[in-house]
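Only one chain is given next, in structure tokens, and it is the form predicted alone.
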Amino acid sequence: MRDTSLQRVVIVGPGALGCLLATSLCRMTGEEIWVLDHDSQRAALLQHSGLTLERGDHLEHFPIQATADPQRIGPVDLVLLCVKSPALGQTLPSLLPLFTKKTLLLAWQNGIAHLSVLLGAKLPGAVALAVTSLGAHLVGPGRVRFGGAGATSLGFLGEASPEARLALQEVAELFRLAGLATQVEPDIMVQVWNKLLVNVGINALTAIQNCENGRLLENGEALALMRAAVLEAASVARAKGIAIAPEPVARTIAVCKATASNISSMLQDVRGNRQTEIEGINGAVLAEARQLGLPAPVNAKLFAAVKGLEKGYLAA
């Protein structure tokens, strides 16, 4: 067993990313790993059948402890919050049985709309953000397909105690031992916006085009929209004083190539008739642009198109 304070870990939300993180951590020894699901029937299925990871033609199976009752789990050292941003407002209050003042929450949502929700929740423990370019596709309940490697950055949302900062370093080490390239950033908001620019250029377009990430690069019209949407969002970031990385369009195209076979989380949501994170991605850029008096017509177009897709099935 490693010398660490992270003995009990819960993954909240067994979606694609949640299952990928759970299977990665199950490779480790010494940690008690739980999955918390809002769906009691699915939680019972996971408890009985475990998790399966697909990597190419290779399958790995992992037993897991799963429940829909946070009281059954009790206080933990680390909460990996992997629900989509629209569900945060309802999910966070239900997680209080998991927390002590020493509990660290690590939030994995896309976009930026969730940041104010996390700050407003006033949880007992410290709150940190995770920004990742890992790719994953949920094939079925508890069955996840690896969609591409990528770096993960961690950092605090606001101030943090020395104890919390040490715990976050331990989390990074845990992930590295689990095979996930991870680093702690002094200013995570830079990485949040760098990831947002990539999401702005890929997610909505894959949902609209109903295609894998890499197919966008084969479509001249989609590629032009990608470039324009990313440049609009980059202008917003710079106007806010965010020190984003250079060449955001090139970085977005590089991610598209690296995750060419991946099905974006937004397309997975559309195919599953679920609410997407469009509000926190292109919608958030649009809102920020309006506040700054900047034009963002392409993000407005993508936002409206995805909201139209949602309306087609959420209103049914």
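Residue numbers run from 1 along the displayed sequence. Predicted model only: the values in this text are computed from it and were never measured.
From this point on, the text means the form predicted together with a small molecule, which you will not see here.
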query: Which of these stretches, 70-78, 191-199, 113-121, 226-234, has heavy atoms within 4.5 Å of the small molecule in the model of the complex?
result: 191-199
field: All of Ser24, Ile33 and Gln65 with a heavy atom within 4.5 Å of the small molecule in the model of the complex
entry: no
message: If we define contact as a non-hydrogen atom of the residue within 4.5 angstroms of the partner, is Ser133 a contact of the small molecule in the model of the complex?
response: yes
message: Given that the small molecule is not shown alongside this chain, does Leu51 nevertheless sit within 4.5 Å of it in the model of the complex, heavy atom to heavy atom?
response: no
- prompt: Would Val255 count as touching the small molecule in the model of the complex under a 4.5 Å heavy atom rule?
  reply: yes
message: Within 4.5 Å, heavy atoms only: does Asn203 come near the small molecule in the model of the complex?
response: yes
